[in-house]
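First, one chain by itself: the form predicted on its own, in structure tokens.
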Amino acid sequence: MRYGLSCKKCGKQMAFKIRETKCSCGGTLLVEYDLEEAGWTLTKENLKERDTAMWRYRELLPIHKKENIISLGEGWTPLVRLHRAERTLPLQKLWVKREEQNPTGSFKSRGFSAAVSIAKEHNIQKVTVNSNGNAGSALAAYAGHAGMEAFIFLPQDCPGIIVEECKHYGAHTFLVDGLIHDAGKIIVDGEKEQGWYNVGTLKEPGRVEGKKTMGLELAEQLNWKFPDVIIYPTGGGSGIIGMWNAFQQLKQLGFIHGDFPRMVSIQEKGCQPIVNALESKEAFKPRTHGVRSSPTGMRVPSPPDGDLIVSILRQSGGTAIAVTKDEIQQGKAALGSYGISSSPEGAATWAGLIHLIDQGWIRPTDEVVLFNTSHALKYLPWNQHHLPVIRDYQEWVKLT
């Protein structure tokens, strides 16, 4: 399958490179496929015969050789309709996409299956990521499955169970005095000297492509229709970017027709750069000071391409909502009452749903999909890891 890179800002096209993620204009480079060639084998009929996993869409994933695919069975997560909730809320249909059913308990499995597969295809042996938690444990698992050495850098208040999960999969795991961007600086400072392959958000081409499969899968599960609204918890934003790209590709392939979904980003108050940009109607600005939100995947003060996220939300006719810690707890209880084990991120989508219904933004005729990106048990209070906390790359060097 032929594929290259295309800039989402200026449209420039270039050959595929695993460490090339930014165009000279500053735009993000995403993988672009020869969709005419893809359509020879990727058909609705052929999909009926394929495994129910993410790699069923292999023509739209950037791997040449099947033997390089690193998979733990990710994808094809349940799409559950909440009939009881529909009887109490003024909307037509409500679905929850249960990403907590992935192999590492979160949607991050998708991105790291693709990223680690690319790394294998290019003979990489040392991978690293800065993470608020679930990305770290997912990389640890997939690197372990591939026989690679993984280095994980987490904020010191990362949930203890996730820290233990990273260690369980055999990753070199480090806690950082700071937030996710502080952990990322350690990687950047040591990347060349250590020979690390950085699989942070939008630092390589695979993760957003793996996340894209959520959109491909959702459309297929809805019998090749788009829902009216998708509500998605947003930190780094690769899921929003990936799904929007998936929807464009499905249209070009002729798989689906009709209006695109209105995309909604949910953030927690205290770290809401996407919400601020939408409300101000100005260009995106990162907010790295005064962050007061909880240690979840939504706590990303400086997403790698906030402008692209904001442009997608605006283009789709969508919006962004910030919710409080209390509202997230209420959302967790609400989803739990419907049998859904929701992470804080997943619970935030419920809180956002209630706000949008109250505002009249969601209409009684709308069909809505919430994304539950991880399960509740990962966030139980448990801090027995006893790891030292480092401040920068030089301190890491001394420690190791």
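The numbering used is simple: start at 1 and walk along the sequence shown. All figures in this text were calculated on a predicted structure; none of them were measured in a lab.
The protein also exists as the form predicted together with a further copy of the same chain; that form is not presented, and the subsequent description refers to it.
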Q) Applying a 4.5 Å heavy atom distance criterion, does E20 contact a further copy of the same chain in the predicted complex? A) no
Q | E49, heavy atom within 4.5 angstroms of a further copy of the same chain in the predicted complex | A | yes
Q.
Taking a further copy of the same chain as it sits in the predicted complex, is C10 in contact with it (heavy atom to heavy atom, 4.5 Å or less)?
A. no
(Q) Can you tell me if V163 lies within 4.5 angstroms of a further copy of the same chain in the predicted complex, counting non-hydrogen atoms only? (A) yes
(Q) Check for me: heavy atom within 4.5 Å of a further copy of the same chain in the predicted complex, for each of M14, L308 and D326, yes or no. (A) no
Q) Using a 4.5 Å cut on heavy atoms, which of T296, N130, T213, T173 is close to a further copy of the same chain in the predicted complex? A) T173
Q) Of the residues R287, K203, R98, H181, which one places a heavy atom within 4.5 Å of a further copy of the same chain in the predicted complex? A) R98
Q: Quick one: find which of 350-358, 337-345, 34-42, 363-371 has residues within 4.5 Å of a further copy of the same chain in the predicted complex by heavy atom distance.
A: 337-345
Q. Does any residue in 74-99 get within 4.5 Å of a further copy of the same chain in the predicted complex, counting heavy atoms only, and if so which ones?
A. W76, P78, V80, R81, L82, R84, R98
